[in-house]
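Just the one chain here, laid out as structure tokens, in the form predicted on its own.
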């Protein structure tokens, strides 16, 4: 089936009309565009959580839970329109999403302004911390991931790095945090390139990056754009120098395996001590192992919201916010311990050190 038709079909399955007695939540995900593979995997996690909750009796004493999923198309204006539709038409108390920080931030700002709950499941810009009361993250922010990456790079014996990422809220944040973290550990970022998203080629940026003659190329890029970067780096011979990916599955999922062979990187440890049953349920439903490392965060967001609704005895946003703050203190999700800090951000984020060998990610 064509990807666009598949996305539409998946959307139709979840976004069925809600009955009056249903408790309805919303989600804004990139089901099309550069991050479509990742967005659809987030949707899978959400879908599994909804099914399990309803099979277990629903919420609020037997009411069905539903999540209306809207496609952002990977664009901030479309995402904001989707969030407004969910709030004004569907009357949802909480919205999950998006994936890119540059999209998550404006929809989060809108939702907080409207007095709704926002749960970030894929973005890591430090600016998310300032969204305000009612905004939560079940995924760690840039300061946590960049510190882990810098430790890993230094441990490999690489002292100088050239860095490339998109010129958006996410890329700017991770570039700043990684440079700071590497310097603190005795290393140096010798060149930084922030590229304009949506280009058909990144050769000029890669050639600029090469001039720094680094020990390692460090990058972070979204699915299909990362695939182009990896192919062109291979064609330019840059892969004779090691490559290190911040979020390896995000950077390599859409790439030809031969272009990313031997790459190192960190990835989200999306299975915690209590996540085995979720992993098995995912494999049973979709007939394959995890497509990316991001689906579990969609799953945990729905489970947390359902638990908060039950704890509060209400689906009102203020009641959900209060309950989430109480529940988010050692909550054992599929992705591990979820403990919110004073800004309602996940304070403990586990990562994996990985290397791609023979087309698979090896620990």
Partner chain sequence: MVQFLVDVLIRAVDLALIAIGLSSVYSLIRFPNVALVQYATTGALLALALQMAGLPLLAAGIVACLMVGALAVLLNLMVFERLLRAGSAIAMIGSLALSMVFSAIFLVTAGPRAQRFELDIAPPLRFLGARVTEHQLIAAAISAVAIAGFALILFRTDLGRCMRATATNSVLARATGIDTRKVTGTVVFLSGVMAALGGIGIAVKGEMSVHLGLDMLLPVFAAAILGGLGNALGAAVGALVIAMAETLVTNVNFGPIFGQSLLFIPAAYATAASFLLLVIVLLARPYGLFVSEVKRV
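Positions refer to the first chain, counted from 1. All figures in this text were calculated on a predicted structure; none of them were measured in a lab.
Keep in mind the form predicted in complex with its partner chain is missing from the figure; the text below concerns it.
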| property | result |
| --- | --- |
| Listed range touching its partner chain, judged in the model of the complex by heavy atoms within 4.5 Å, from 106-114, 203-211, 91-99, 267-275 | 203-211 |
| Heavy atom within 4.5 Å of its partner chain in the model of the complex - residue from 285, 185, 84, 258 | 258 |
| One residue of 127, 231, 180, 159 in contact with its partner chain, assessed in the model of the complex (non-hydrogen atom, 4.5 angstroms) | 231 |
| Contact flag, residue 36 vs its partner chain in the model of the complex, heavy atom cut 4.5 Å | yes |
| Residue 155 within 4.5 Å of its partner chain in the model of the complex, heavy atoms | no |
| In the model of the complex, residue 132 touching its partner chain (heavy atom, 4.5 Å) | no |
| Residue 31 within 4.5 Å of its partner chain in the model of the complex, heavy atoms | yes |
| Contact set, 164-180 vs its partner chain in the model of the complex - heavy atom within 4.5 angstroms | none |
